[in-house]
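Starting off, we have a lone chain in the form predicted on its own, written out as structure tokens.
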């Protein structure tokens, strides 16, 4: 009888443990279900409010679409096939209806686009350098202490939290109209944006090389340089190239507030002409961004290696 009870007790104990586990699992699933329902309801409320506040209604969009084509109709040039490739007259005037007449200020646009590219290069280099330095203390797994981590994170948030155009306005007021204000504004925002991306890459780095250098008495700086940087450098480079493309577009926008670049000319032709010169500038900007995207892709593949993209 004792053996039977002992056997019975030995069998019932695992059954009790399984039952307890299943009960706990069911409770967790029920709790998770409740939280999912609450999150879905909160999302639906936020979505509804955003639609209401922005007035994102289908009928409003449908009525506004034709106006887009009306605007583009005002900036399409009056090109004539018979004069399309005509040069300048003996008096040096462009023939109406020709490409020369449409792009009569081509070299001015080209110079400003080159200025825009140089602004983007300078701002990207400065911002990426700052982001590189701060990305290590801003990573939760690499920061020397909590205070350094908090200060680094908050500083990066401040840098990327202020729009470039607002920063450009401040620096235009401070140092005057010109590319320098735009470069500083874009560099600050770039540091904040890349700092976040770089720090997240650092947080995903393998800890094994770090543990190895720690075991032989390496300093914090040595662990960053020899254990972390070799792992994250390809991703850092890829993100920096992406940011350069973004900065070319940003340089075109901040010119509207006098911060140099092609945006300043685009603002002028929109304000004073609102004709085919607007489209001429826009086409050059789009072509520039496309060419830069193609070039940067080749550079990324050359640096990281084509086998890593397959």
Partner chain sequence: MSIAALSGVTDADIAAARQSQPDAFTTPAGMVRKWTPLAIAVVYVFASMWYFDFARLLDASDRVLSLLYNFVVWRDMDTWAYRQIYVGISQTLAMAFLGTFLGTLGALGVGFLAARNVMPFAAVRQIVRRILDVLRGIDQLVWGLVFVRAVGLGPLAGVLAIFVSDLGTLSKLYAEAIENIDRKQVEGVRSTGAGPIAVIRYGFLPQVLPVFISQSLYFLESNTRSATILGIVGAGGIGMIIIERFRASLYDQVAFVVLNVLVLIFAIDWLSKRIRLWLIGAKHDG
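No experiment lies behind these values; they were computed from the predicted model shown. For the two forms, the rigid core is made up of the largest set of C-alpha atoms that agree within 1.5 Å on superposition. Residue numbers count along the first chain shown, from 1.
Just so it is clear, the following notes concern the form predicted together with its partner chain, a form of the same protein that is not shown.
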Exercise for the section: Only one of 159, 143, 99, 184 comes within 4.5 Å of its partner chain in the model of the complex by heavy atoms, so just point that one out. Expected result: 184
Problem - Any non-hydrogen atom of residue 282 within 4.5 angstroms of its partner chain in the model of the complex - result: yes
Handout entry: 4.5 angstroms heavy atom contact with its partner chain in the model of the complex for residue 17
Key = no
Practice task
Give a yes/no on whether residue 77 approaches its partner chain to within 4.5 Å in the model of the complex, heavy atoms considered.
Solution key: no
Practice task
Classify residue 180 as contacting or not contacting its partner chain in the model of the complex by the rule of any non-hydrogen atom within 4.5 angstroms, answering yes or no.
Solution key: yes
Exercise for the section: Choose one stretch from 197-205, 134-142, 83-91, 110-118: the one whose residues place a heavy atom within 4.5 angstroms of its partner chain in the model of the complex. Expected result: 110-118
Completion exercise
Residues in 43-70 that come within 4.5 Å of its partner chain in the model of the complex by at least one heavy atom, in order, are 43, 46, 47, 50, 51, 53, 54, 56, 60, 61, 64, 67, 68
Exercise for the section: Once the core is aligned, please say if the CA of residue 81 is shifted by at least 2 angstroms between this form and the one not shown. Expected result: no
Practice task
Return yes or no for residue 71: a CA shift of at least 2 Å between this form and the one not shown, with the rigid core superposed?
Solution key: yes
